[in-house]
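Okay, so here's just one chain, in structure tokens, the form predicted alone.
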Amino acid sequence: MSDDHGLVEMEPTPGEKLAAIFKQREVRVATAWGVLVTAIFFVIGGWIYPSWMPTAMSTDMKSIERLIVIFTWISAPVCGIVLGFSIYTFLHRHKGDTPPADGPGFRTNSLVVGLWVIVSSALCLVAVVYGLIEMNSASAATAEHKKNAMVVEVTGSQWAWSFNYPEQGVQSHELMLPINRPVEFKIISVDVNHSFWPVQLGVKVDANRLQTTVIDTTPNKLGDIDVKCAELCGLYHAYMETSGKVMSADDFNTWVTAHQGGHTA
């Protein structure tokens, strides 16, 4: 009589499968490369990116800066894993004329695929939720500040910007704004499509021929503004730019007084 008639070979648990994967030297080395790459992207996202960005001179620009940093951190582990295995593969590629023997064939690894889907989905969910929170926060700020916002009518044309201040009765080719007062831009084009982009304010919207677009922000730091066109609009698109400034309320009132009566800057 056989003594092993009741024995059944048990499938390894997910933990045992994962441990078996990491017992392989190539997996451990590639993972180490991935951790290093992830750490590098954390440094780039948290310290290097902000130093490359334009000066944040509005609540919107500060939110964009924060969003870029957080999204970089969220994507860093995925990028680290991909580049870690890519680096290992590149460093251990076959050299010479004689090809190596074929490795064992396999279709997939359900544990690795499952982990990849779960982790990627979780990171994407965090990104979506954070983006929705930021968007709702911006919408709430727009509604709150709308009554007190200063209107600036922006007109784009090949290849210049002009600004009309209905409340102040002033027109200018420079964008002058008082600090800490909400501003609502109403943008239109007189010819082709342009894109209004006051860089340091962190807002950008298309200027269309037959439709007025609206965007708002609140300047909160004194300094110079670069206004550019972000839509390819013709031969001199790259030169469609002007300057501006965020100034104190007193300086802005002085500027308005000096330019009233039809004079333009």
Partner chain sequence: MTTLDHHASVRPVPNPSKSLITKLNMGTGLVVGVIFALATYYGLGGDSAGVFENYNRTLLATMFMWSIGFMVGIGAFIGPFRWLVGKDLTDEEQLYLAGDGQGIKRYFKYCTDHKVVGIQYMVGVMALLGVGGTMAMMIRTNLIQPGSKFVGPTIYNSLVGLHGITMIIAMIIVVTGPFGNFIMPIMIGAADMAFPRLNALSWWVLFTAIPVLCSAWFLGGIPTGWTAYAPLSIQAGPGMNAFIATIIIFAVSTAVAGANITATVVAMRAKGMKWNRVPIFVVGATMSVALAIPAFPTFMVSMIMTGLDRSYATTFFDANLGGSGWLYAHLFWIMGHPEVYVILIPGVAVLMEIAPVFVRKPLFSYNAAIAGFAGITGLSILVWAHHMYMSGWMPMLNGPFMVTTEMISVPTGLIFLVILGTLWRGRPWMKLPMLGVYAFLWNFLIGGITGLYLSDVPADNYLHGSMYVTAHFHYTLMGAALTGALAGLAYWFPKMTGRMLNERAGYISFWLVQIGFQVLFLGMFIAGAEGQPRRVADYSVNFATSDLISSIGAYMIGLGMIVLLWAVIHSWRHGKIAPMNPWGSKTLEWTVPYPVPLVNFDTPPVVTSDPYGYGKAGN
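Basically, rigid core = biggest C-alpha set you can superpose within 1.5 Å across the two forms. Positions refer to the first chain, counted from 1. Model, not experiment: these values are computed from the prediction.
One more form of this protein should be noted, the form predicted in complex with its partner chain, which is absent from this view; the next part is about it.
> Should L83 be classed as touching its partner chain in the predicted bound form when contacts are defined as heavy atoms within 4.5 Å?
Result yes; L83 sits at the interface with its partner chain in the predicted bound form.
> Consider M57 of the chain shown here, and say whether it contacts its partner chain in the predicted bound form, taking contact as heavy atoms within 4.5 Å.
No, M57 sits far enough from its partner chain in the predicted bound form that none of its heavy atoms falls within 4.5 Å.
> When the contact criterion is heavy atoms within 4.5 Å, does A141 count as touching its partner chain in the predicted bound form?
A141 lies outside the contact set for its partner chain.
> Are any of the heavy atoms in G223 no more than 4.5 Å from a heavy atom of its partner chain in the predicted bound form?
Residue-level check for G223: no, no contact with its partner chain.
> Are all three of T72, R209 and A230 close to its partner chain in the predicted bound form, meaning a heavy atom of each within 4.5 Å?
Checking in the predicted bound form: T72, R209 and A230 are all within 4.5 Å of its partner chain.
> Is any part of 142-177 within 4.5 angstroms of its partner chain in the predicted bound form by a non-hydrogen atom, and which residues would that be?
Heavy-atom contacts within 4.5 Å come from Q158 alone.
> State yes or no: after fitting on the rigid core, is the Cα displacement of I70 between this form and the one not shown at least 2 Å?
The answer is no; the displacement is under 2 Å.
> Please determine whether the C-alpha atom of V205 is displaced by 2 Å or more between this form and the one not shown following superposition on the rigid core.
V205 C-alpha, core-superposed: shift of less than 2 Å.
> Is A56 among the residues whose Cα moves by 2 Å or more between this form and the one not shown after superposition of the rigid core?
Comparing the forms between this form and the one not shown, which are aligned on their rigid core, A56 does not shift its C-alpha by 2 Å or more.
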